[in-house]
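Just the one chain here, the form predicted alone, laid out as structure tokens.
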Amino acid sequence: MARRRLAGPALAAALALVLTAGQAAACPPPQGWAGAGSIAGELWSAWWRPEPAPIPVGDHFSVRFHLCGPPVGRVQVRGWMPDHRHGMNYRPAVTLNGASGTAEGLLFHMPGRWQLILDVRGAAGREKLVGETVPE
């Protein structure tokens, strides 16, 4: 059996297919979201930005997010402090408008490394997108 070698554009296309298999499609940032955080998952990718920025310690803040991928049915947002193995003392209210939304009422009550978790659900499945941040 003869073996074929891939070269040039065919090799690049094959590598791109392998590297993106199982990952959500590329997701450009929304216009005007310079400096926003991004999270890539298997089904969805997300851009997020806090308001106000930077995230304050001990004060409420909001997070705006935009998702790329299959249609979204529901999103829950929470904070988790992995080094201390605890979350926030507040449950934010999430407003979803298509693929974009806002979570209001988050509060990182102590300094250190926090994870922002978007629990995304839709007809395609469920996925937990995790981004990291350090409030100031």
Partner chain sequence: MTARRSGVSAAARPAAWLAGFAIAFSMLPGIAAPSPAFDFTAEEKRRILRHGPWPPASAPDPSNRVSGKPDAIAFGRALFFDARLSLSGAVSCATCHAPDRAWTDGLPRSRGRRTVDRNALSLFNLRFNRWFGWDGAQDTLWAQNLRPLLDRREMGIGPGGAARLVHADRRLSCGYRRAFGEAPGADDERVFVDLGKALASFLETQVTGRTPFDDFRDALARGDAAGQARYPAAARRGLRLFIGRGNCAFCHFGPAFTNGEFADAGVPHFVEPGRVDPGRLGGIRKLRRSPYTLLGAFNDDAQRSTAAKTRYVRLRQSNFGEFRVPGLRNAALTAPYMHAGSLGTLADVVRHYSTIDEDRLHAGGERILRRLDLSARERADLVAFLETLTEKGPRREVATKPADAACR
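Positions refer to the first chain, counted from 1. All of these numbers come straight from a predicted model, not from anything done at the bench.
Absent from the display: the form predicted together with the partner chain. The rest refers to it.
- Think of it this way: in the model of the complex, the partner chain has a heavy atom of just one of 30, 111, 73, 54 within 4.5 Å, and the residue is 111.
- Comment: the partner chain is not present in this chain, but in the model of the complex one of 36, 96, 88, 68 has a heavy atom within 4.5 Å of it, namely 88.
- In the model of the complex, the partner chain sits within 4.5 Å of a heavy atom of residue 104.
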